[in-house]
Each structure stands twice: as structure tokens, then as C-alpha cells.
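Given as C-alpha cells, the chain that follows is alone and in the form predicted alone.
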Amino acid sequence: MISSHIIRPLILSAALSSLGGMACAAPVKIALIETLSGPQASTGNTYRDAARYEVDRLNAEGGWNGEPIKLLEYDNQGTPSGAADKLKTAIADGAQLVIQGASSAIAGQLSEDIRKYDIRNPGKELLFVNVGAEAMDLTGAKCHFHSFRFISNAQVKIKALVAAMKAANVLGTRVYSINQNYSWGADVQQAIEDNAANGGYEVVGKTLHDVNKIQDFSPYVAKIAATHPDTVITGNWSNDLLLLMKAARSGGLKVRFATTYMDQPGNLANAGSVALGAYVVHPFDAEAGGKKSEAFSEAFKAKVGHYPVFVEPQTVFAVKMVGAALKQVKPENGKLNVNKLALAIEQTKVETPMGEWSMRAADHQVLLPLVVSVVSKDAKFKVDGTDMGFRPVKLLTADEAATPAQKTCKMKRPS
């Protein structure tokens, strides 16, 4: 464990003073097992900052049963094996919930380890709060009762992206698919092909490439240019998206980009003018929700130092939803009953600046609104110190964005 983050603001004291007579219980401990060092630390730190923000807010409202919620932080060093080791430490430290987001591979490791632990330790179960890993299997063949996904998946995102761009008449009829060669990238590629008929386009080329190993995307840009696409759709993130955009700029590629992670900090600054006109599908846009989203953005900035972007809003809303469910569960023998918390999450609905979030009991996939935005100089909130930002094009409700539960999910529930 690298640190323990426990905030007990003065307002908490006031809140607790009003809770006299409440049954005593051990504080709930949430383990954040994230990539907090190495090349991907910038992503892991965004999950951490957002989790801290919302846990602090929940504690200001009284925590759980009059005790502050404790957020314990562990560095998985960007590997599944590192995450597995830190999970053991978190269990020894008394954690009952585990939060993680960066990397579906790491999420797969944690989800499976938690599933096995829960089978071996009835009455001492853990709960996995997945706030960012979007591989289909996590709510498909690998779903289980103690795993919840609080973000969309490839099918949901690409469906929303294609629908909004087609409605705006900016998608075209020729699409190129380029993605990272692992579970998430393969899922995005499949979703691009699955949505071709509804989008009215032909997939004129597709590439799966190594993850975070390519320094020069020029050959890939040349391959894309040779197919003369109208739009390039990519699920790339971090350096792979950044370097792809930079190579497109250097190569003079004249296409429209449709992305899932263009809002990652640094992307617009590095891509420059080539990003103008690019589209992104994301769970939050500071303009899309009017005064509600602007108020949330200002409150987040006041605490964290910048407006919420990238994976931060979804992490805040996920922890908010867990906090709302915690309020429905009373302590038993001085502790949180994790199985009852899981059942409460299935029934919980929370209002976010984008609209209502709820949890589908069949596969523990959150149902959430999504926004499709375009990079524009007309955006109200500028990004990365540039004169560009994300101007919302379409806000889809949770029902409009949803896709059906996967038939491969065979969830076993507590008897």
C-alpha cells in the first residue's frame, strides 16, 4: 500500500453529530488498485483523483453508518500480476470493495481473483467496482455476482458514435478501423463491423496493432490513406492514439477521426489542428448537461484543480452510485454485508448531470447516457491550454445507448 487517504473534514463532524444513536460498525474500506507508476500512471492517477473526490463528498455527507469511508490506494504497476499481489495486501488490510479502471487485462485478473476468493470465503466476500475496463467478456462469459461494470462497452460506445455521426451527416460511406490488438481493441473492431449496416458504411480496411510498442505510425497512416476512407474509427487510447494522430498530421491524412478516448488529457495539445473536426463518444461533456454539468465541473475543479475529463466523471458517478447503495444497507455484526450491498446496487438509480444511471441485474452492466462531441474552437470549455474543446453534438439517453445483455453471461446468484 502506498498511502491511506482518509479525509475527515469539519463538515463531517457536524454530520456525524446528528447521527447519535446509530449502531456502531467498522468503517467501510475501499481499495483502489490502480496504475500509479510507470508510463500509464497519468491514466491511473485520474481514476485515483476522481475516487478521492467522491469519497470525500460521501464522507462530508456522513460516510457509511456514521463512519468515514476509507479509500486505500495501491499501485499495481500496470500489470495483472502486480494487481493480483496488491489484492492480497488489500484483503489483509480489511478492504471489502475494490476499484480499478485502467486496462481490461488487469480488470480481468482482479475480477477472476475476487470471484475465486468469494467462493472460498463465504461471509467475507469482496465486491469489484470496475470503473473503466470495457472488454465485453467482463459482463459476458466472465460475469459474476460480485463484479459490477460502471462504464459502457465497445458495442455501446460504437453504436452511439455511429448513430450520432450518421444523424449529423458526417460519417460518410467508407470507414477504416484501427485498434490495439487486445480484448478492447478486438471488441471495438467487431463493433465497427457490426454497426456497418445501421451506419450505412463499408469497412474499407482494418488493422489490429501492438499495444504501446509502436513509436512511428507512419506506415499505418499510409495504409489508411490508400483505402480513401471518409472516417477512421479507433478505440485507441493513451500513447497509441496520440502517436496515431501525430502521424496523421505529419502525413497530411485528410480524414475524419471518430474516437472513444480523444478527451484524454494531452491529446488535443499534441494533435494540434489535425484534431479539429474529430469526434469522441464519452460519458460526460461539460456543456451537454447545461447548468447541471457546468456546476459539477466547477465543483470538481474547485477540489481537484481542473475540470473533469476523460475517465474522471464516470469514476465520480460510479462511486456516487455505490455510496447511494451503501445508504440502503445496515451493518450486521458491526460490518458491511457485501452480498446485500450488491443487491442494493442492482436497485439503485442515481441522477448525474447527463441523466440517470442504473444497474442491469442480468449482467451487472451499468446503463448510462452517452455524449457524442466534436473537437471545435466553438466549445465553451477549452482543453489542454489550446483554443479547442469538445462541443456536444448529441446526448443519448441510457435507453438509447444501451445494447442487450450478452447471452454468454450465466450469473450465479446467492441462494
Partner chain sequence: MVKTRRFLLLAAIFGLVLVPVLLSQSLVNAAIQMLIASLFACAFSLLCGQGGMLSFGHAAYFGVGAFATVHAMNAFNGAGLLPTPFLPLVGAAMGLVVGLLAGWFATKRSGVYFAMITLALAELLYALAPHLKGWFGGEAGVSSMRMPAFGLSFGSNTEVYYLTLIWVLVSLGLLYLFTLTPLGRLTLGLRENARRLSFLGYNVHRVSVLVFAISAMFSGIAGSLQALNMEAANYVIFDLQGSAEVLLNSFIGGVTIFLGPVLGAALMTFFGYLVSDMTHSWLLYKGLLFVVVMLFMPRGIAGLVQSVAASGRRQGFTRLAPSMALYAVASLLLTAGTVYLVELLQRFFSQDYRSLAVLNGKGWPPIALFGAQWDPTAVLTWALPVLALIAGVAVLRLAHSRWIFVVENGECVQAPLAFDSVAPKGGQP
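Numbering follows the first chain given and starts at 1. Think of the rigid core as the biggest set of C-alphas that the two forms share within 1.5 Å after superposition. As the structure is a prediction and not an experimental result, all values here were calculated from the model.
Separately, the form predicted in complex with its partner chain exists; it is not shown, and the next lines address it.
- Item | Which of 316-324, 245-253, 159-167, 106-114 sits within 4.5 Å of its partner chain in the predicted bound form, heavy atom basis | After filtering at 4.5 Å, what remains is 106-114.
- Item | Contact check for Gln77, Ala92 and Lys301 against its partner chain in the predicted bound form, heavy atom at 4.5 Å | The answer is yes; Gln77, Ala92 and Lys301 each reach its partner chain.
- Message: Please determine whether Arg174 contacts its partner chain in the predicted bound form, using a 4.5 Å cut-off between heavy atoms.
- Response: Contact with its partner chain, no.
- Close approach of His282 to its partner chain in the predicted bound form, 4.5 Å, heavy atom: Output for His282 is no: heavy atoms all beyond 4.5 Å of its partner chain.
- Query: Should Gly305 be counted as a contact of its partner chain in the predicted bound form, where contact means heavy atoms within 4.5 Å?
  - Reply: Contact with its partner chain, yes.
- Query: Might Ser37 be said to contact its partner chain in the predicted bound form, defining contact as any heavy atom within 4.5 Å?
  - Reply: Result yes; Ser37 sits at the interface with its partner chain in the predicted bound form.
- Query: Just one of Ser183, Ser238, Gln96, Gln189 has a heavy atom within 4.5 angstroms of its partner chain in the predicted bound form, so which one?
  - Reply: None of the other options qualify; the answer is Ser183.
- Task: Go through Lys124, Lys291, His228, Lys88 and name the one with a heavy atom inside 4.5 Å of its partner chain in the predicted bound form.
- Result: After the contact test, the surviving option is Lys88.
- Task: Enumerate the residues of 139-155 that have a non-hydrogen atom within 4.5 Å of its partner chain in the predicted bound form, in sequence order, or give none.
- Result: Contacts from 139-155: just Lys142.
- Query: By the 2 angstroms cut-off, has the C-alpha of His209 moved between this form and the one not shown once the rigid core is superposed?
  - Reply: Yes; that C-alpha moves by at least 2 Å between this form and the one not shown.
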